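One chain comes next, on its own, written out as structure tokens in the form predicted on its own.
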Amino acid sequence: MATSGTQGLRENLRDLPRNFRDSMIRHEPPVSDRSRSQAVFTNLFLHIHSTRTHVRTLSASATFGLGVAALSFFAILTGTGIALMVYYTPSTDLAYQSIKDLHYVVPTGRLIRNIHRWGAHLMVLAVMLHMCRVFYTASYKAPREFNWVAGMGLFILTLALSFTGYLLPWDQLAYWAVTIGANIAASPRELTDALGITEVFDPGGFQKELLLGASEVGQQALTRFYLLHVIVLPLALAVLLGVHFWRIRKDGGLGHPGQTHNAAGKGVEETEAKRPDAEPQKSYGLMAIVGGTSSATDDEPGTTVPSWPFALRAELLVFMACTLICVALGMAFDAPLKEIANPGVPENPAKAPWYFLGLQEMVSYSAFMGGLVVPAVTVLGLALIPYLDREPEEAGVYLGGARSPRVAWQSALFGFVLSVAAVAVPVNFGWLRSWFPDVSQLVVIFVNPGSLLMAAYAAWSLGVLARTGSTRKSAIALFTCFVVGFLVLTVVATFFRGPNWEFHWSQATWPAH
């Protein structure tokens, strides 16, 4: 009996690797459609995918991999951020020195920080481009409208992550950029001061103190921003990412040509050409797409391929490309590090990161309207687009439908001219206070180039609606105007704003300090 027990133990030890693998991986090697479907269906990390992916969504021009790129940059930021946390000290006395140690003492510390910095910029860019791709291919329409709202939430969280991380180096650039953000948070005081009610009702002061933990940028703000940046916001973004990807799967995958939905999200047309090398078999059974109410249930096996390895291979290639770009930029360009933060010596000009510069340009007209009201109305308007535009339209087609490209080009031209005028008129002729010294402060707050620009874009969109009778074309007009306006204001603030936020055609004409 003892010998038998010893022999059984030896056999168990010999079979331990195989038994451990079989207990962890509950599918056959992925060599057939059935086993590939099982690999996705039974894997915790792969289960976010559907077992099969539509062939047209794997085309590079369909999505340009922008959603996966944004996720890849987030993964890169998470890895490099954890590495930076090992050496960073969130203290106003030690933060700057810890960044200098990363630059000059810690092996590869400078490269890790550079990669982190470039990853943050590229993630913001990828999210913006991804939103544009989803909009212009009508992939926000039912049943995907809630996922568009989730995407807007991810966009806001991405900007919040960038903003909170900006303060952590505790140099002059970071300190004064965050000071601008804090002043925007306090900007409702413009309105309450004009109404004379600040002493009894001060939402601006409350917002600033909520943001900074104090009345000024200091240790409380650094601690708060650090916790938000490394714990709260990443967790919130990860949770919302899970919702976003899950909804993509449950809503029928990515929108693709031939897939049209009505306002209720029901498929009304599906005419797909089958893949020539397809082998439509029933071997994948319940793990394939079968009959039901899902928007993807009409996909034939010949129009789809197993997510393993086709979709996963494409995602891996995008991740590798994003990593390569971050490393190359990190090796070529250093993240800026100016002098240690000095509250007594303001940066002039103090400029926010590029993705906030369009906002800063509008803030120069009115911090309350340009910094809070216009962005809030813009985000709300964009979030509601799927619920206001309910026209059936083929998903996955760029500017599908008659006259849509024409509306887009006309709107781009209109948005460009109006945004240039919003800068040129105040620069050359001043604004209301210059023309009417006694004008009411309330008029100055609400009637400024930023608010007028937003109103003009809305009026243009309504005009397109009246002219075409199409809510889709009206949405294209509004979205295009805002995109072009953002680009113009960003370029102006980046290249043509100098000390005291004055307009200069060249940095060579800046006044000497």
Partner chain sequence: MSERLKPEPLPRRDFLGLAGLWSAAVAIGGSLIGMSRLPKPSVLPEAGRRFRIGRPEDFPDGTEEILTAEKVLVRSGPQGIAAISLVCTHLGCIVSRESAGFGCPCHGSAFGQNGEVGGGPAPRGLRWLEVSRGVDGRLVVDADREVAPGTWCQV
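Here the structure is a predicted model, which means the values were calculated and not measured. Positions refer to the first chain, counted from 1.
There is another form of this protein, the form predicted together with the partner chain, and it is not shown here; the text below is about that form.
Colleague: For the interface check, one of 216-224, 83-91, 323-331, 134-142 should have non-hydrogen atoms within 4.5 Å of the partner chain in the predicted complex; which one?
Modeller: Heavy-atom contact with the partner occurs in 216-224.
Colleague: Is T179 one of the residues lying within 4.5 Å of the partner chain in the predicted complex, judged by heavy atom distances?
Modeller: Although the partner chain is absent here, T179 would touch it in the predicted complex, with heavy atoms inside 4.5 Å.
Colleague: Just checking whether Q441 would be counted as a contact of the partner chain in the predicted complex - the rule being heavy atoms within 4.5 angstroms.
Modeller: Yes, Q441 is a contact residue.
Colleague: Taking heavy atoms and a 4.5 Å cut-off, does F206 contact the partner chain in the predicted complex?
Modeller: Flag for F206 set to yes.
Colleague: Looking in the predicted complex, any heavy atom of W501 within 4.5 Å of the partner chain?
Modeller: Residue-level check for W501: yes, a contact with the partner chain.
Colleague: With the partner absent here, would F73, A238 and K338 each sit within 4.5 Å of the partner chain in the predicted complex, counting heavy atoms only?
Modeller: Verified in the predicted complex; spot residues all out of contact, no.
Colleague: Counting any non-hydrogen atom inside 4.5 Å, which residue from S419, Q360, S411, T304 sits next to the partner chain in the predicted complex?
Modeller: Filtering the options by heavy-atom distance leaves Q360.
Colleague: Which residue, E315, D193, E391, D101, is the contact with the partner chain in the predicted complex, using a 4.5 Å heavy atom cutoff?
Modeller: Here the answer is residue option D193.
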